[in-house]
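Next up: just one chain, as structure tokens, the form predicted alone.
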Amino acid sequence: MTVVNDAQPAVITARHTDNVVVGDEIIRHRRITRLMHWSVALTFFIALFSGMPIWTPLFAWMAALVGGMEVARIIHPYAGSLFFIASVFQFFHWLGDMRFRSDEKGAWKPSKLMAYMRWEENTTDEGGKFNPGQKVFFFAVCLGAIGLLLSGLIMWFPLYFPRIVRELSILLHDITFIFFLIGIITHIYLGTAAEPGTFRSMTRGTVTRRWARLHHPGWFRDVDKKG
């Protein structure tokens, strides 16, 4: 980690580097990281808006958002495939920061996850750029993307598979989607209303020192001591 001359605007520095101090800001996500994140988000929501009207007539009105039901049936599998490809790039890009440390065992337990959401685990001993709850979410999203892809391919080419496989794929696709949607809604809530200042890390790439000290004290300490 390095410290950049604060004469250079943080948003400019955030194009090519992260984990650095620029004046009163800390760069959390460089431009390529943000582009990957928004690519995943964009393809997911295109798949969502085209898939919901196919899933149930209750959301038939959403077909108009993508040009009608026939258009939705055409673009949905392609949007889903692009979502998976974008997720693969993001997986390898973030994998280094998402590895669990030896003291983060049991992070997948519901009680622990709720503690992270209430900041109860953000103690001064917390280290790393992401807390265990975020790491669990990251790997859950990756597994969900695989589930959606495999079940979606079977539904896309049904004639190549026996009936029981087709029926199981529909069930898997629906269940995975429901959990995925709940996770995304929670992710959006935590990144906006629940933790003000988080959203800007995915737009301009920076966070304030105060935000870093509150939400990721270990990461803040590691970055700030270089300055």
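Note that this is a predicted model, so its numbers are computed, not measured. Note that residue numbering follows the sequence shown and begins at 1.
One more form of this protein should be noted, the form predicted together with a small molecule, which is absent from this view; the next part is about it.
Worksheet entry | the small molecule: the contacting residue among 66, 52, 35, 41 in the model of the complex [heavy atom, 4.5 Å] | Result of the distance check: 52.
Item to complete: Flag residue 138 as yes or no: does it have a non-hydrogen atom within 4.5 angstroms of any non-hydrogen atom of the small molecule in the model of the complex?
Response: Residue 138: no, not in contact with the small molecule in the model of the complex.
Item to complete: Although the small molecule is absent from this view, report whether residue 177 comes within 4.5 Å of it in the model of the complex, heavy atoms only.
Response: Residue 177: yes, in contact with the small molecule in the model of the complex.
Worksheet item: With the cut-off set at 4.5 Å between non-hydrogen atoms, does residue 80 touch the small molecule in the model of the complex?
Response: Residue 80: yes, in contact with the small molecule in the model of the complex.
Item to complete: Would you please decide whether residue 173 lies within 4.5 angstroms of the small molecule in the model of the complex, comparing each non-hydrogen atom pair?
Response: Although the small molecule is absent here, residue 173 would touch it in the model of the complex, with heavy atoms inside 4.5 Å.
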